[in-house]
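What follows is one chain in structure tokens, specifically the form predicted alone.
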Amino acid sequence: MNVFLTQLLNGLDKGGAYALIALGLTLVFGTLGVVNFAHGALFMLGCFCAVAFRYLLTIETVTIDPEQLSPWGAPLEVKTPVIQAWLGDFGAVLVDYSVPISILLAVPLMLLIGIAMERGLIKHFYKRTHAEQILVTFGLAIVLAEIVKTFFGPNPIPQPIPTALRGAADVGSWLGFAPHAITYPWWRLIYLMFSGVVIAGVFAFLQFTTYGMVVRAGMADREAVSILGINIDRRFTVVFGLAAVVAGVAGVMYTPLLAPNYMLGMDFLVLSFVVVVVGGMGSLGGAVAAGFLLGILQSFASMNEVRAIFPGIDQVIIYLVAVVILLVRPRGLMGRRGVMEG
């Protein structure tokens, strides 16, 4: 039972990342009909928002401390982050919590990047074939990756977990088991809860706000909404920006779990598209359900007992499940009739 619950938590944690990326992809496809192969790059850019924010916070000032002497008696240079020198203990807290605080930078920046992408490039391919959309957005993803590589280098850049959130939570005690029977890293639990909050927020926005209702109406019948005098194109531009924000904040919070590098977006892109297809193209609920389902299956497939029987199964389980589901349900778990057909 302990092993089962631990693997389940691992799967939910991983599935949260898949679901967030797939949710943004589905938003873009459902509203604009665009297959956006640059969406993984938006996840990667979110990661590097956290990296850049920490760089800014840790710019150092050098002072001479006459009370600290080297072995030969010379005063030592002391390097202190500028923000800590200005704000004291509060500055030290900002540095320690740089990853979650960098969301404040990522949200407006990713919104602007998303809107600029849609207005500057994507809008010119609305009526083009999906093959052309894939080619141009994949090319954009490569360009963004190379830009990040130029500024940040090719090597992964680890981001620290805040000091107070390191270590593991005693999940076993919460569930009524013996103390410390089941422990799980705090940050992974936080990421899982964060994923749930973001997903719930997106669905609440689309379901309960007037803006979201108009967007959903536009997804169902764009021409009818336009006839009512509503500028649906402007609303869809905002939705593209929202999808970029979702991918970006998912990347920000994932940085302590996987050190960001310029190829990270490509690594998640393929998996997220499999998730979208399994869930059903254009189905937001399907994308979320498939993300968690495939994350859990991948987690259990990575167990040593399973790999001993089926070597390498953890590397291909997602694709095997995708093949089976699409053979049984060609439109995916919750796909709508007519999407990507004809």
Partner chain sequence: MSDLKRGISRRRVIKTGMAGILATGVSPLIISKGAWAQEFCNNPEVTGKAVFGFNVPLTGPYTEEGLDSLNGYQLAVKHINGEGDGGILKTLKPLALEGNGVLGKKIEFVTGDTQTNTDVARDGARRMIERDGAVVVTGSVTSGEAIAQQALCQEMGVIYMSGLTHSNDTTGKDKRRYGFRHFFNAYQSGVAIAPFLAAEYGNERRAYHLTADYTWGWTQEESIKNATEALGWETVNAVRTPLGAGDYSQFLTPVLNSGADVLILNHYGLDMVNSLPQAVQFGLRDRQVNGKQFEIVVPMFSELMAVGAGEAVRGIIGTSNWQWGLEDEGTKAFTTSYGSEYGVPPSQAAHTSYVQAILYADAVQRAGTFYPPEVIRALEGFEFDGAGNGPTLYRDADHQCFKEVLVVRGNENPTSNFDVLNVIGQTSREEVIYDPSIFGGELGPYEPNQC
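Numbering follows the first chain given and starts at 1. All values reported here derive from a predicted model rather than from experimental measurement.
Another form exists, predicted together with the partner chain; not displayed. Remarks below refer to it.
- The candidate spot formed by 3, 14 and 166 lies fully in contact with the partner chain in the model of the complex, as each residue has a heavy atom within 4.5 Å of it.
- None of 154, 201, 120, 108 but one reaches within 4.5 angstroms of the partner chain in the model of the complex through a heavy atom, and that residue is 154.
- A heavy atom within 4.5 Å of the partner chain in the model of the complex is found for one listed residue only; from 258, 116, 171, 87, this is 258.
- Only one segment in the set 176-184, 193-201, 217-225, 240-248 has any non-hydrogen atom within 4.5 angstroms of the partner chain in the model of the complex, and it is 176-184.
- Of the heavy atoms in residue 269, none are within 4.5 Å of the partner chain in the model of the complex.
- Proximity of residue 54 to the partner chain in the model of the complex: non-hydrogen atoms within 4.5 Å are absent; the residue sits far from the partner.
- The closest heavy atom approach of residue 61 to the partner chain in the model of the complex falls outside 4.5 Å.
- Proximity of residue 206 to the partner chain in the model of the complex: non-hydrogen atoms within 4.5 Å are absent; the residue sits far from the partner.
- Of the residues in 286-302, those that come within 4.5 Å of the partner chain in the model of the complex through at least one heavy atom are, in sequence order, 298, 302.
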